[in-house]
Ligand SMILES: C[S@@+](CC[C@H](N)C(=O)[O-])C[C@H]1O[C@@H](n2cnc3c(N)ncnc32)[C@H](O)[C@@H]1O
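Below, in structure tokens: the form predicted alone, a single chain.
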């Protein structure tokens, strides 16, 4: 799949759940390979509009030819600034929003982006390469306690302290600057991606996930986007979110259930629940047929809610 930018999971289910109106205003906060955006655009009429966000300009450059002359406004920005950008464009309400929180195949399959231990490349992991700290900056600059915190919080690794100690000891000899250097630091001096056992692969996957989430502040951005989406959605508007791991899924589940980031359910004197959303999909997963076509869809979970 190295030549495929991204294949969106649960594409038809996601689009159908939004009940797109030809004259509606929609937002795709994760443009990626443009799959969801193209599906939305195919259902919009001349009075409809789609705003698509991505902090990686490569995403738009890859799909630009297929969305030319469409009612599309591309926003090269982190989706955490959704509210500010909609205000800039004079958009007061939207009819639907899509967020596919999975990392594009392009990022995992391009060695120089540094997202995967399967390839040798710089330890980068930034979604937006125009600035900000890299994963190399993190592993070489954070204290042992800070590295342990990142690995435990975002990778849910019980051995986070031991791994952080190993990283600090290794960087004292020489900086850890590439994906294979980090792999050998974690898995052993002769380790390669092909030589890892299944438990080692799982550990490395979680280490890379944790570093990527810290580098891009993924949960912080998600929290800000969800709050902005709640304010922007019109009555009857829908939000569809695809999650891929327990941390983001827990956050999305709690927010769509309660309307707040803490997941606190508010009730009145009579015990009636007060929530700004009506749940439409509570965690739809890909079919066996889809997983066979696209194995990376296995971990996808679709949650959809309607603004009351």
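Numbering follows the first chain given and starts at 1. On a predicted model such as this, the values are computed, not experimentally measured, just so you know.
One more form of this protein should be noted, the form predicted in complex with the named molecule, which is absent from this view; the next part is about it.
Colleague: So which of 201-209, 103-111, 183-191, 147-155 is the stretch with heavy atoms within 4.5 Å of the named molecule in the model of the complex?
Modeller: Answer to the contact question: 103-111.
Colleague: Does the 4.5 Å heavy atom contact test between residue 95 and the named molecule in the model of the complex come out positive?
Modeller: No, residue 95 stays farther than 4.5 Å from the named molecule in the model of the complex.
Colleague: So, residue 56 and the named molecule: in the model of the complex, are they within 4.5 Å at any heavy atom pair?
Modeller: Contact with the named molecule, yes.
Colleague: Can you tell me if residue 303 lies within 4.5 angstroms of the named molecule in the model of the complex, counting non-hydrogen atoms only?
Modeller: Outside the cut-off, so no.
Colleague: Verify the contact flag for residue 35: yes if a non-hydrogen atom of it lies within 4.5 Å of a non-hydrogen atom of the named molecule in the model of the complex, no if not.
Modeller: Taking the distances in the model of the complex, the answer for residue 35 is yes, it comes within 4.5 Å of the named molecule.
Colleague: To verify the annotation, which of these, 228, 221, 86, 168, has a non-hydrogen atom within 4.5 Å of the named molecule in the model of the complex?
Modeller: For this set of options, the contacting one is 221.
Colleague: Just one of 127, 164, 176, 135 has a heavy atom within 4.5 angstroms of the named molecule in the model of the complex, so which one?
Modeller: By the 4.5 Å criterion, the partner-contacting residue is 127.
Colleague: Out of 12-33, which residues reach within 4.5 Å of the named molecule in the model of the complex, heavy atoms considered?
Modeller: The stretch 12-33, when checked against the named molecule in the model of the complex, contributes 29, 30, 31, 32, 33 at the 4.5 Å heavy-atom cut-off.
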